[in-house]
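Read the single chain below, which is given as C-alpha cells and is the form predicted alone.
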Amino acid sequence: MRKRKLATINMLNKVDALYVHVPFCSNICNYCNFTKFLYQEDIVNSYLISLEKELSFYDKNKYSTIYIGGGTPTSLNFFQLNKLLEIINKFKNNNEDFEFTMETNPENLTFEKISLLKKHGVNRISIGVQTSNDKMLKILNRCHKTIDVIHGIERLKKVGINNISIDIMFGLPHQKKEDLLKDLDFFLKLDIPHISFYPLVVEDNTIFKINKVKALSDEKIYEMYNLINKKLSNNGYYRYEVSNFCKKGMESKHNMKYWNDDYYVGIGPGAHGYVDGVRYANSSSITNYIKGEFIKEEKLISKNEQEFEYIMLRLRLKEGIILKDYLSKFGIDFCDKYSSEIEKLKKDGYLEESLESIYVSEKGIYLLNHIIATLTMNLNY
C-alpha cells in the first residue's frame, strides 16, 4: 500500500500539519481503546527504525504544526525520546508561529525529560490528568496522583514551557456534581491556558466494557457539561470547540487543522492522514508496522463526503460555518442550499446566524449530532 502514499507526495506543499502516533504506555487505562501497547524497550527501538523509514517519504516537507500523541510518548526512556525528537526535528518549519505539541502523563514530567523536550523545541504540552480525585484515578487505572500534576506543571513553567493543556474526563462512575466542582476548582488554580473536557464513553475492547461499567445518563452528562461551560466561561476561558476551552489566543493550532478540514499527514501505527482528498489509515499492528507495512487502507473522499465532513467539523467550532469559505470550497451558497433545514433548526433554537456565519447556539451544543443529521439529511454520501 505504499504506492498511493508516495503518489501523494506532489500534494505535500498543501499539507501543513504532521501527527506522529507513539502507541506505547507504561500501563493500560481502564477506559482506553486507542491503538496502544505496553512499553517494551526492544519493541520501541524497532518502532523508531520504522518510524524513520515512514517519515523518509516526506523528508522534503516542513510543517507549521507537529503533534506527537499516543499512547504516552513520554513513556519512552530518555534515549528513545531523544531519538524520536531527533527524527522529527528536520520537519519543523521553525516559523514564529510554529507549534510543537507533545502528549504526556503527569508521572513522566521529570526535569530530565522536560528539559529534553525544551531542547528539541517542543513548545506545547498536553497532559492527561482526567481528574483530581485520587480514588477515581485508581478506578481509571491511572499511574499518577494529584500531587504529580501540581509538580509537573511547576517544572514545565520553570523551564519555560507555558503553553500547557490538560485533558479532563467527566461523567465518571458514581461521579456527582460536587465531585466535578472540586475538580474544576483544582484545575482553575493551576493557571494554565487550555483545558479539554471529555465525557466518559464506555468503549468496546476496554476493561470498563469487560467489567460492565455503566456511563452516567445523558441527562447527568448534560448537566455536568453545562456546569463546566458556565464555570470556565466565568473564569476567563473561551469555549472555541465543543470540548475545548482556552484563554484568548491559546487555541490548539494543530487541532484547528482537523476542525478546518485541512490536509494533514499521520504516521505511526494506527495513525490516520488526509492528503489530496484521500483519507488513509495505517496498520494498527505493531508487528506489521515494524515490518514496514504502513498503510492498511485508503479512501478517496467524494465531493458530497467532503461537504458532510466540512459541515460536521466546522459546527463543532464556536464560530461555525464561515459562509464565504463554504462558497469558496464548494461553489454554492450554504444558506441557499440548506435554507429549509436552517430555518427549522433556528426555529428550534439550535442554530444562530450572523452576516458571516451559521453556528450552533448554546442550547444546541449537546444536540450536535441531531443538528448535523438534520442539516445533511438530503446529502447523499
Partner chain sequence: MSIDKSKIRNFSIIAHIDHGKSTLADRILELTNTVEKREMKAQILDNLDLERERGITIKLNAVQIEYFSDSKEKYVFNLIDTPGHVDFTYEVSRSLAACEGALLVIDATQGIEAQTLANLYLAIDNNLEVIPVINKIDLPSANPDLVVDEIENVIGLPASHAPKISAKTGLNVKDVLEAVIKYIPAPTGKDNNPLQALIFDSFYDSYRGVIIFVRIKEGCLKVKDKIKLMSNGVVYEVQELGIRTPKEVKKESLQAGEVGWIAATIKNVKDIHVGDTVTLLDNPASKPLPGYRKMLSMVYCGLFPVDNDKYSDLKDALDKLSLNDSSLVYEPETSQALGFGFRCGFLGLLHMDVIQERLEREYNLNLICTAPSVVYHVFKTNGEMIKLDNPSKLPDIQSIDRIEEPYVKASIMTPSEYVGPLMELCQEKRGIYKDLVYVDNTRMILIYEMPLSEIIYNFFDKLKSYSKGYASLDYELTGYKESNLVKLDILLNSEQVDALATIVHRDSAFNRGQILASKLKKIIPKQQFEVPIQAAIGGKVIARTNIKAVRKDVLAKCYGGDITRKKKLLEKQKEGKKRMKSIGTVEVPQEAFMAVLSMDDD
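Positions refer to the first chain, counted from 1. Since this is a predicted model, take the numbers as computed values, not measurements.
The same protein has a further form, the form predicted in complex with its partner chain, not shown here; the description that follows concerns it.
In terms of contact with its partner chain in the predicted bound form, the residue from F186, F98, Y263, Y198 that brings a heavy atom within 4.5 Å is Y198. Just one of E154, E86, D191, E219 comes within 4.5 Å of its partner chain in the predicted bound form, counting any heavy atom, and that one is E219. Although the partner is absent from the chain shown here, none of Y63, E298 and S328 has a heavy atom within 4.5 Å of its partner chain in the predicted bound form. The closest non-hydrogen atom of F308 lies within 4.5 Å of its partner chain in the predicted bound form. Taking the partner from the other structure, its partner chain in the predicted bound form has no heavy atom within 4.5 Å of any heavy atom of I358.
Among heavy atoms of Y258, some come within 4.5 Å of its partner chain in the predicted bound form. Although the partner is absent here, R316 sits close enough that one of its heavy atoms falls within 4.5 Å of its partner chain in the predicted bound form. With the partner omitted here, the stretch from 132-140, 199-207, 245-253, 285-293 that lies within 4.5 Å of its partner chain by heavy atoms in the predicted bound form is 199-207. Along 358-380, residues I365, Y366, L367, L368, N369, H370, I372, A373, T374, T376, M377, L379, N380 each place a heavy atom within 4.5 Å of its partner chain in the predicted bound form.
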